[in-house]
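In structure tokens, the next block holds one chain alone, the form predicted alone.
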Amino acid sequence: MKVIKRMVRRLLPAPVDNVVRRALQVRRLSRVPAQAADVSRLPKAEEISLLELFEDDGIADEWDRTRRQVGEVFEYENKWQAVDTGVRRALWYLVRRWKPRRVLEIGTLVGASTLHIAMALKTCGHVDTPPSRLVTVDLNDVNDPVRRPWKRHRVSASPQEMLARLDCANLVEFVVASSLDYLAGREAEFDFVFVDHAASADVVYREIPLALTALCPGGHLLMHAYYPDGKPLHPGGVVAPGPHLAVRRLRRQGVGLAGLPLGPLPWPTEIGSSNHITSLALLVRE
């Protein structure tokens, strides 16, 4: 039945599908008991200058080298559910700028964002202990040698193998678990948390408070698939309503939390595209 429903929805025009998807998620979210959230570890909105996040600062040449190196092991223009090329570059810049010691990624899939975060950590070059580390969590074993899930997405190698080719394997720990189970049971804290999936609102609503407790004071929490006001980023576009609806409910509860969209990037979201608008957003304290 679920498969049939998905097939029917794929036939709907994007505006109709957006309305249906939002209505279904609003209903599911309403069934979740209210969650408390502590935003004290987040930076305030006024402490972040979006104009400065992606300034060159002499690292453009480093990015070009990274792009070429990653392109040798990963289909760089792959569009099979992987984050787009603009997001990959944005992640590299943010990690390169903030120089976090520990990064948490929720949602690995084929490893597109994983590779770029790891390469940025490698470029940061922390030489003292403890070394920089990326923990990436996915419900599925993305490196399963039997099922080889990366093949379904037309990627030639597993995330682990690609990281090894880039000499970054020692920087990354793969965890097979649901986001909620990992966040509830984890012991480490992180300087940077990247929620890299378009989960339904009821899941994101429970994820955010747990992710906030995983942050070091002053750390950054970045959401993917955040659509301000639940609207498409471009005419006729599809909306993943989960992150926006989750933040909206927390705000209605009186939590001083807001999504700060990164807006237009200095580069296109895809190679050869004229679109610069991204669905990335930082969560900030009001």
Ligand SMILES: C[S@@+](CC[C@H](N)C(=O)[O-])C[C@H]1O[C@@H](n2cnc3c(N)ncnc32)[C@H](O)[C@@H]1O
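Note that residue numbering follows the sequence shown and begins at 1. Keep in mind it's a predicted model, so treat the numbers as computed, not measured.
A second form of this protein, the form predicted in complex with this ligand, is not displayed here; the remarks below concern that form.
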- Item | Answer option from A184, A169, L139, A188, heavy atom within 4.5 Å of this ligand in the predicted bound form | L139
- Which of S178, T123, S156, T213 has a heavy atom within 4.5 Å of this ligand in the predicted bound form? S178
- Query: Quick one: is G107 in contact with this ligand in the predicted bound form, heavy atoms, 4.5 Å cut-off?
  - Reply: yes
- Query: Does this ligand get within 4.5 angstroms of any non-hydrogen atom of V203 in the predicted bound form?
  - Reply: yes
- Does this ligand get within 4.5 angstroms of any non-hydrogen atom of A112 in the predicted bound form? yes
- Message: I'd like to check something about V135: if you look in the predicted bound form, is any of its heavy atoms closer than or equal to 4.5 Å to a heavy atom of this ligand?
- Response: no
- Query: Looking at this ligand in the predicted bound form, which residues in 183-197 have at least one heavy atom within 4.5 Å of it?
  - Reply: D196, H197
